[in-house]
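The same protein chain appears twice below, in two forms, each given on its own as structure tokens and labelled structure 1 and structure 2.
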Structure 1
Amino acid sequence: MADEKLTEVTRVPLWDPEQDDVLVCRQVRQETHDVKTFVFSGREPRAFRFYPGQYMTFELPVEGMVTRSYTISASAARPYRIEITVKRVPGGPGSNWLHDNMMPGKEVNVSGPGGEFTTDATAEEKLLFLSAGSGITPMMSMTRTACDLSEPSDLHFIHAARSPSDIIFRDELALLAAQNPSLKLAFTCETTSASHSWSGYTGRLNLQMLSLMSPDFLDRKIFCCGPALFMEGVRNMLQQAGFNMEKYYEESFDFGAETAGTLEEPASAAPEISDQIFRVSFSKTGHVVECGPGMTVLSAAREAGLLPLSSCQRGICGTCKSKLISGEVDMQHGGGIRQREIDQGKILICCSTPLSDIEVEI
């Protein structure tokens, strides 16, 4: 009987992102007061293939439809489910919809996985993970995977949080560290309170603190993820210490930002591919603009005074997906659109430059 069950498990088909684009929520876990983990699987049993640290893009029924990319926090060694861990962002349409509406049995359309922020923590090399806030999710996927497959070779994991109650996965990380002696943990919290006993580090991560947490950090390969200001501070700190930045890798959460239609700086133009100027027509608004050499459709839309939904500007998140009614574009995307969507005439306007006069459904 056991052999028969094992045979059935080995027959579970692989997840095909070109065919299977629906996940079913199986469980919701409250991690902290404003962070939840959502567990998904296929409608039918499917085995997922992804690298720890990769993300998936979710289509959420908010204000019509929005897309948001969330890092997979699950272990890649447990292939039958996908987990994302999401912090509720005040005013954020995607995170608030998930927190308020997603529950076991609900279905959601997805694409992916994508992303190149990954490493093998079981390899014979010394690693240091630095994370803050929700930036812990790719590090958790890498750590869970390493602990599932074997023991991490030599891993220091440092996480920064607002307070002890805001440390995501705190208990699980403590358990993993107890079971895996080569995994060393350290936390620092900006603030503490009398209601929470805390004997760890307090304050923002600095060079002196880092030297105590990971004395040989200069010899390690470093992976960093968190808010932009946190990562900027880490880079400055490491450069000050004389760290070899060729061994530094980071993942920005900007592509999953909960804001849309606004931009602090103008979008950078794509590499110049010709000196020809093309007309870009937007069918819904009636705007027509000229698109200069190398300018993206998103840049042209903004010049027309439009504020289409956009986020990453790197062809990763899929937020700016639009219908190309006529004409041709050169689209250099980073995985934020499926081939069948391209076949249906859809483009990502943030990474598409016109090759002719075009009309876009915006």
Structure 2
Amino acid sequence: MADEKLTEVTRVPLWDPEQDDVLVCRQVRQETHDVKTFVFSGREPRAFRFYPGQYMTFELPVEGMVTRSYTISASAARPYRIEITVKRVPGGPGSNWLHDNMMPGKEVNVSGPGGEFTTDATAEEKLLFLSAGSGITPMMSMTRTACDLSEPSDLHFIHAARSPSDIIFRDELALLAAQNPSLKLAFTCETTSASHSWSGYTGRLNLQMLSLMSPDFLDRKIFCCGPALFMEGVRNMLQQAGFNMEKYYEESFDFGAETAGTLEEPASAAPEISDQIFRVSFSKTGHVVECGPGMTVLSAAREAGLLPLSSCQRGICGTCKSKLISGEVDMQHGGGIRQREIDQGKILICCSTPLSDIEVEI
């Protein structure tokens, strides 16, 4: 009676990348102001077999078609859903498309899982995770998996964020740490704002900080993930400290990009540098909102509670054409606006991200 393709308990067939290639979006969660988690499953129930830290490659219908790889952020011990956690990137067509269009019921073509960046969650070893920005996603999958399967044996998890409100999975990590004494957390934020009290570390990660957060880091196996500049900084810091780099593993911020042959996030889009927040003013209604990196003017308007007319949300139809009164935007349109209209100061707000404070006639 044993069928190798079915798991014993649920009798749900395994996802077979040779056979299966369509995921259906089941849920979208707003993690921070510019980060969302997208939850997928197969059209029919499927169990996914992946290692924590692996990614899947998505075909997204933007600019014709682009492929983008996103690390699975979910626990490998919860095999019936695939979750990815994506931060909006200025000028990143993939992440913007997902943020603006992916919603429950929508289908997407995928391949994978793939990738080598993983841990053995059951091994008895001292680990240190160092992540920055959305580089947290493989670490989160590893951490969740370890917590689901047993208890992490001895894990220090250090995450660098732009500001306290940019810490992805902050509450869940706190809960996991409360339930698993061998998981130690530490955060550092580059900037803190008066509106949030912050008692963690402030400033870019440095050796002094690292020694306080993880005093025995030299004895640990280190996994690092984040923007290229962050990882370069970590490598220099560890080498300077005499760390045995044979125990150092890293994944580019752009997970699986080399494998997938695409580059979603240009170096300039790394969270450390593109931390500017621009003011978007809507002249007719008087609303003013802050627009984070990569956020479109349309998203900013929605955040302000406005519902400007829009349709395709990818610069094709022109429904959201609006007058830009002042400031500069980066517009990646798809033919919904003519050069002469752009010359007259019109923009399509669905595919425009501010490059400065701007005022829009809405």
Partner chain sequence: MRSPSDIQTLINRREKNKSLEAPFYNSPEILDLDIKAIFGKHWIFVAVDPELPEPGDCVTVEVGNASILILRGDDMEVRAFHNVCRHRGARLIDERATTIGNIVCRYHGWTYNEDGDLILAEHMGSGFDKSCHGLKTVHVRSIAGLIFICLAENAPADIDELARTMEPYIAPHDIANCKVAHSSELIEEGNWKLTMENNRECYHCEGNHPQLTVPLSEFGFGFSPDELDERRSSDVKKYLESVERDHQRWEACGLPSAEEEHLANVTGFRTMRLPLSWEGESHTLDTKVASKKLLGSFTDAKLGGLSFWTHPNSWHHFMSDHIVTFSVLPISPNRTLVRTTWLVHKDAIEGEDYSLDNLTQVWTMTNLQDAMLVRLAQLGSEQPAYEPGPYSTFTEPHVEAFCDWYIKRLQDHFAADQAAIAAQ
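Please read these numbers as outputs of a predicted model, since none were measured by experiment. When a residue number appears, read it as a position in the sequence of structure 1, where counting begins at 1. What we label the rigid core is the largest C-alpha set whose atoms superpose within 1.5 Å from one form to the other.
K.L.:
Structure 1 or structure 2: which matches the form predicted alone?
P.N.:
Structure 1, not 2.
K.L.:
Quick one: core overlaid, is residue 69 moving 2 Å or more at the Cα between structure 1 and structure 2?
P.N.:
Where the cores coincide, residue 69 shows only a C-alpha shift between structure 1 and structure 2 that is less than 2 Å.
K.L.:
Align both forms on the core first, then report whether residue 326 has a C-alpha shift of 2 Å or more between structure 1 and structure 2.
P.N.:
Yes: residue 326 shifts by at least 2 Å between structure 1 and structure 2.
K.L.:
When you overlay the rigid core, is the Cα of residue 52 off by 2 Å or more between structure 1 and structure 2?
P.N.:
It does not reach a 2 Å shift.
K.L.:
Report, to one decimal in Å, how far the Cα of residue 346 moves between structure 1 and structure 2 once the rigid core is superposed.
P.N.:
Taking the core as reference, the C-alpha of residue 346 is shifted 40.3 Å.
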